[in-house]
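Shown next as structure tokens: one chain only, the form predicted on its own.
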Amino acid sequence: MLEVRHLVKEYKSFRAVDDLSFTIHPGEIVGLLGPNGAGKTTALRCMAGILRPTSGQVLINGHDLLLDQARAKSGLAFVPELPSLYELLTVEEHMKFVAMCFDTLDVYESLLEPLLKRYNLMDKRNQLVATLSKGMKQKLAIACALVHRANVFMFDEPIIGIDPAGVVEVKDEFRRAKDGGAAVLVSTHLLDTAEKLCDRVIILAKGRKIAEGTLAQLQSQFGMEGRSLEDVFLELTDEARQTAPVFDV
């Protein structure tokens, strides 16, 4: 459903994403982990078609993102850490606009009020997006991701700035998407959340994938049986930091 093949993104002599490959299958939640500067956001922006990769291939539902953008993006929903919303639209207008862009007004009509209620936006439906708090804007971005027929979801730090009740709802949303057969990729620094929520994780360091698998697989592979995901992550990324080559920027 989401397949990334040998993805590379370079800025002059700096390689932000270095030969990244993985596959996410239907009904799976995968965590994308890494320290600051690991290349997570750059990789996500390449996978979402916002940045053009230096080389490599991204397939969404079998459609090449570079060669067939319209079909590939029709099944994709991407929620960045800092959503770029249209601040002079109302909440309801914004959701309708997104549905119109994907030609899914029928989905919008049936989902509008349930989503507004679910994300505590009902009393703000006629307010301008510019008046919303950061957390409410994040909720709106997630609601907008659900008003078309996406089956591949990418989230970059989706619960930062959201209140506790909203965090629970967003996690439940991920599980609903998984149960509905979607492929979900979540980038996060919250390792306890990733451990509880994700079926497996991908760990990046210095732009490269240094580990991939379930917690049990990582524990076995690296001789850390009984250790938490946080312990595994910290040890692996510390080793990668000490051994990584230095690039000129």
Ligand code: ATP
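Everything numeric in this text was worked out from a predicted model, so none of it was measured. From 1 onward, residues are counted along the sequence shown.
Here the subject shifts to the form predicted in complex with this ligand, a form of this protein not shown in this document.
**Message:** Within 4.5 Å, heavy atoms only, which of Ile60, Ala182, Val30, Ala38 is in contact with this ligand in the predicted bound form?
**Reply:** Selected residue: Ala38.
**Prompt:** Tell me, which of Ile24, Leu20, Val232, Ala16 has a heavy atom within 4.5 angstroms of this ligand in the predicted bound form?
**Reply:** When this ligand is considered in the predicted bound form, the option within 4.5 Å is Ala16.
**Item:** Per-stretch contact check against this ligand in the predicted bound form, the hit in 65-73, 30-38, 193-201, 215-223 (non-hydrogen atom, 4.5 angstroms)
**Value:** Contact criterion met by 30-38 only.
**Asked** in the predicted bound form, does His189 have a heavy atom within 4.5 Å of this ligand?
**Response** Flag for His189 set to yes.
**Asked** Do Glu169 and this ligand share at least one heavy atom pair within 4.5 Å in the predicted bound form?
**Response** Glu169 lies outside the contact set for this ligand.
**Message:** Against this ligand in the predicted bound form, would Glu81 count as a contact residue? Criterion: heavy atoms within 4.5 Å.
**Reply:** Output for Glu81 is yes: heavy atoms within 4.5 Å of this ligand.
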